[in-house]
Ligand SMILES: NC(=O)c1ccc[n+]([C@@H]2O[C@H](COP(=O)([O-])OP(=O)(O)OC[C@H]3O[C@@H](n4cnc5c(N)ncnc54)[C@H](OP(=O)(O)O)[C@@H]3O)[C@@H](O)[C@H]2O)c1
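Given as structure tokens, the chain that follows is alone and in the form predicted on its own.
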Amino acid sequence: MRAIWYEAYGPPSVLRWGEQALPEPGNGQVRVRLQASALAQLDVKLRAGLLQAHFALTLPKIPGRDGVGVIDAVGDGVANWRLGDEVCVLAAPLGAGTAASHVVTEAARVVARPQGLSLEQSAALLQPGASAWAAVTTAQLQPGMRVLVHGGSGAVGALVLQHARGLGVRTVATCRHDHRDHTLAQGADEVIAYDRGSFGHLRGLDVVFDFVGGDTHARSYPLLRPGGAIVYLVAAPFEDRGAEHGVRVLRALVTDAPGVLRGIAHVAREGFYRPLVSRCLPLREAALGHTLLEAGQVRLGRVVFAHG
């Protein structure tokens, strides 16, 4: 099979492109012939060696978690998938990834590709979807709530806006001024450009989704009603001042449990989730994608690799 891999940590130049042995599925596994895959910050940080204290990778490593393709081999003990099924896959972070023509994964890590999504959107669904799902479920959103989404133009923030809109929640989002129209299109009822103005006038919010941290986090406390919540994933360091302001500070714990993946696919089929794709590149140009993401040149959605 064709694949991207690295044999040592380092800059994007450590990524190699070539042939590897075609893997075979074991008990409870399926093999997916991938048509496209997506690049995330986790892939960049793992390749650079920045997460060695948290993830013990076995090198060489094929990067990538998100992908879309067709099942072309089924292992023993798999009853719910057949050859030719179109699926989205979320590979385990420590195993072989999706930056390859094929990936073998546990059958529970694939879901039926939602109709209505393009191939590129399907390739970028499950990983950001899991983060958005964690944020929304932690917040326990209900119709009629008012929420603020910091970073509403990003891959995860946009899905939170889409999900909130589907639940009948009123939303405000912060983003750069040149991303304003784009963020409105994701479902925000109001957009505040942080490089042109302030969000400090907002009051009585039920939830603030903080995907930024730092000073943005500190300035969000007065915006909440008593008993409201700040929900965060991974953000710049901040001081938890929830008790002082009478609000909750909740970390959304991301999981890729099978039920979560099925839930993401369901809301995508219902039209809630339309993943953002910033740029599409051939898989052999994976190093360019890593370079762009590392340099901060990817701001709206994911880089997707076409496997061709």
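Computed from a predicted structure; not experimentally measured. We number the residues from 1 along the sequence you see.
Here the subject shifts to the form predicted in complex with the named molecule, a form of this protein not shown in this document.
Proximity of 127, 194 and 234 to the named molecule in the predicted bound form is complete: all three residues have a non-hydrogen atom within 4.5 angstroms. At least one heavy atom of residue 174 is located within 4.5 Å of the named molecule in the predicted bound form. Although the partner is absent here, residue 154 is a contact residue: one of its heavy atoms lies within 4.5 angstroms of the named molecule in the predicted bound form. Under a 4.5 angstroms non-hydrogen atom cutoff, the named molecule in the predicted bound form has residue 254 among its neighbouring residues. Proximity of residue 179 to the named molecule in the predicted bound form: non-hydrogen atoms within 4.5 Å are present. Heavy atoms within 4.5 Å of the named molecule in the predicted bound form are found in exactly one of 127 to 135, 78 to 86, 111 to 119, 91 to 99, that being 127 to 135. Comment: the named molecule is not present in this chain, but in the predicted bound form one of 202, 145, 184, 212 has a heavy atom within 4.5 Å of it, namely 212. Contacts between 277 to 308 and the named molecule, taken as any heavy atom within 4.5 Å in the predicted bound form, involve 299, 302.
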